[in-house]
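Take a look at this single chain, the form predicted alone, given in structure tokens.
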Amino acid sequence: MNLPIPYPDPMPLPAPVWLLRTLLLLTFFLHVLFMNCLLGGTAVALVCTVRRKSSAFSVRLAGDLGRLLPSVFAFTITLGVAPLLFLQVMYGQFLYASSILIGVPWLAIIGMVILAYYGVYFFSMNLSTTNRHEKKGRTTVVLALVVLLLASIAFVYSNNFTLMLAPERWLDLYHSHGSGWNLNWSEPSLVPRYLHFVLGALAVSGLGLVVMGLRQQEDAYRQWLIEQGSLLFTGTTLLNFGVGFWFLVKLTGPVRLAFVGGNAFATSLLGVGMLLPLAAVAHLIMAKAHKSPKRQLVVGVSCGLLTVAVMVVMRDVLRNLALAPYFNPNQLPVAPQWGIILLFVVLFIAGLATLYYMLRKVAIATRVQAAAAQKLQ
């Protein structure tokens, strides 16, 4: 069967495939952490603004999130550049083809990101205005639109990254709308994959609330944050088991079989990916009855973060299994440019150090602003 798959770029790869894949996974892991906190955090902030009349802590959490979300948004965008570039280097002929087929929604992401960014800043700045009580209704509407925009962006990404794995659909989509007005609706795994991502974002934001709670000095607010974060993580994680099973069932036969015994590495990843969130849930539950819950909470959060790392690797394995009939990046020519690679590694480490420094500064500034806001109230 002749498929319209473009030829790979004739230029050799600037680094071995294993190194490019390692950098792809590492940078995507960092990106997905902030991305999940952004999507889940805006959803939590929306709920808090809706519940502001019935819960004083909800008002306080909305203020804390309002001070954090603009920075989280910036980190999400910045950290998303590198994994997208590594993906294009190794799988460019597939990603470019699918991006062209859904060109209109794909390019619309730029506008949606800008609007969402403005919305997050509107929410953040409105918290400190003198007439904030008069603008609560408007703030809630804007925040709801931000959540809708971010969810729409995630849906377009899910469409593109599933379509790049199915070149047998490209011609039909091109004949349907050659101008780029396409979405990958015929993909059986599209909806469960998207829901799996959204629920995962809410779960990670729950872990974020737990971490925020661990950093609080006030006992009542700290306990409330930990309880709300644990409930959010536990509920969405247990629900995600059902969605994950749906996602697994909807994968193509060879890929699905690889994860249920056909491929030892893929099957092991699936098993670990199921056990780690259960361990996280168990530790968060045990922390509630423990006299010194900090250790249990730290272990629970760590298991949750390891789950995200395992899911990132599983995503890469799934992509390679799906593209195996058409392409193997290990067959691409390689001409290492070690000088450039060394420069990238140095700059990358320096960037991580800068990121850590900025996060510490943001955390300190957030605590100071939160304390000032509490005094004003």
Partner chain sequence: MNYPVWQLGFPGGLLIAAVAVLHVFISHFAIGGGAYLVLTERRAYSQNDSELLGYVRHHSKFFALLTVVLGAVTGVGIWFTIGLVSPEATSSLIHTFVWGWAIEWVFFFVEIAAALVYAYHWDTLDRQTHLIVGWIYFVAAWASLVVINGIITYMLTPGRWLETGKFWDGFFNPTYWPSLWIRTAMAVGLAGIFGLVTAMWEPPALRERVVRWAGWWLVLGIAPLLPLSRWYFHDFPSYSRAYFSGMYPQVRHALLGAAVCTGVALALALLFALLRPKVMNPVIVAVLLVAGIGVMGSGEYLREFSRYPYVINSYIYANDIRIGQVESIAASGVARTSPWVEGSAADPRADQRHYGRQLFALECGSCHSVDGYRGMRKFARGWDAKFAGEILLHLPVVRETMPPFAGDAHDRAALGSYLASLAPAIPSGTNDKEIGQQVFAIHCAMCHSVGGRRRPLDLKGTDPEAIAGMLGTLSDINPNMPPFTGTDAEGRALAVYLSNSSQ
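Numbering follows the first chain given and starts at 1. Bear in mind the structure is a predicted one, so any value in this text is a computation, not a measurement.
Only in words, not in the display: the form predicted together with the partner chain, which the text now covers.
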If we test each of I340, A324, A56, V334 for a heavy atom within 4.5 Å of the partner chain in the predicted bound form, the one that passes is I340
Checked L239, V260, M274, I114 for heavy atoms within 4.5 Å of the partner chain in the predicted bound form; positive is I114
Testing 168 to 176, 261 to 269, 207 to 215, 243 to 251 against the partner chain in the predicted bound form with a 4.5 Å heavy atom criterion leaves exactly one stretch, namely 168 to 176
Report whether the minimum heavy atom distance between W185 and the partner chain in the predicted bound form is within 4.5 Å. no
Using a 4.5 Å heavy atom cut-off, state whether P329 contacts the partner chain in the predicted bound form.
no
According to a 4.5 angstroms non-hydrogen atom cut-off, is T22 in contact with the partner chain in the predicted bound form? no
With the partner left out here, check for me: in the predicted bound form, does some heavy atom of F155 sit within 4.5 Å of the partner chain?
no
| task | Check, residue by residue, if T27, G92 and I100 all come within 4.5 Å of the partner chain in the predicted bound form, counting heavy atoms only. | result | yes
Contact check, 75 to 94 vs the partner chain in the predicted bound form, heavy atom within 4.5 Å, ordered by sequence, gives F75, I77, T78, L79, V81, A82, L84, L85, F86, Q88, V89, G92, Q93
